[in-house]
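There is one chain below, alone, in structure tokens, taken in the form predicted on its own.
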């Protein structure tokens, strides 16, 4: 089985983000970057499926500038077989639809039976790319995947629902799965894996090689336009309840929750 894992490089969770002069994005200079959290779980899922099957290939793909090569190297060091870096400038500046369109072209060119993505990116957080990708490929999709097992040419998939509930489904291949964080424990990259990653093949297909025109991808083909961005406004206040006895304070608190906050 050939498994394509789509990953994204995002700013470090602890990075201090500053809006650019246009107010439509962040200043990217001097930021630390890392692999998107749920995408790391997608890589781990692909590696475990290959290990269970005893055969196959795990190919990781990312879209981004030269610095995104570091994200590929991380996945290759984890054990992925080879990488695809969509580094052409025409790919950049798009929205979930244009990204999905590019990834769909990659999936077709690779003839991947299974495509794995993270549920959503930690930076933009749209959570739409996996489902759009499945639609473009005309494949079944499962969101918030918390378990997957190959069974006789199909997949037994466990999906996370609300209130701690789960749903089990049988999904035919080929398919697209959006992997939820926490599905497995993600392995650490060993020194041996890091050294091996340097010898693994990474290709950089152009839009033309993938059969895509410039008006379908990147900023030209996007359907979503960010008009402005702003940091969240501080709100709320703190009120201290003063009382001589705990039961009096408790009654006053309950009264405020009922009449003012209206949460009970």
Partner chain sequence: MSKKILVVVEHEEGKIRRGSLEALAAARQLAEAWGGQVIGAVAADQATSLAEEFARRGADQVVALEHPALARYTPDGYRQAIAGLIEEIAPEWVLMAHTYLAQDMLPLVSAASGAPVLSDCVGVEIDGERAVFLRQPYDAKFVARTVDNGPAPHFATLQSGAFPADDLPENHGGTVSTHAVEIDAAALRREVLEVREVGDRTVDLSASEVVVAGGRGLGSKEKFDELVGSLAQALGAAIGASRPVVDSEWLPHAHQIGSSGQAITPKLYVALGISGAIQHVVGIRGAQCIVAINRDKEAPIFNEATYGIVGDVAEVVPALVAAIEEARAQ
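Every value quoted in this text rests on a predicted model; they were computed, and no experiment measured them. Residue numbers count along the first chain shown, from 1. The term rigid core refers to the most C-alpha atoms you can superpose between the two forms while keeping them within 1.5 Å.
Below: the form predicted in complex with its partner chain, not depicted.
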- request: Would you kindly say which of 142, 86, 71, 80 lies with a heavy atom within 4.5 Å of its partner chain in the predicted complex?
  value: 142
field: 4.5 Å heavy atom contact, residue 105 to its partner chain in the predicted complex
entry: no
query: Should residue 227 be classed as touching its partner chain in the predicted complex when contacts are defined as heavy atoms within 4.5 Å?
result: yes
query: Even though its partner chain is not shown here, does residue 149 get within 4.5 Å of it in the predicted complex, heavy atoms only?
result: no
task: May I ask you to check whether residue 134 falls inside a 4.5 Å heavy atom distance of its partner chain in the predicted complex?
output: yes
message: For the stretch 137-172, I need every residue with any heavy atom inside 4.5 Å of its partner chain in the predicted complex, listed N to C.
response: 138, 139, 140, 141, 142, 143, 144, 146, 156, 158, 159, 160, 161, 162, 163, 164, 165, 166, 167, 168, 169, 170, 171, 172
message: Superposed on the rigid core, does the Cα of residue 20 end up 2 angstroms or more away between the shown form and the other one?
response: no
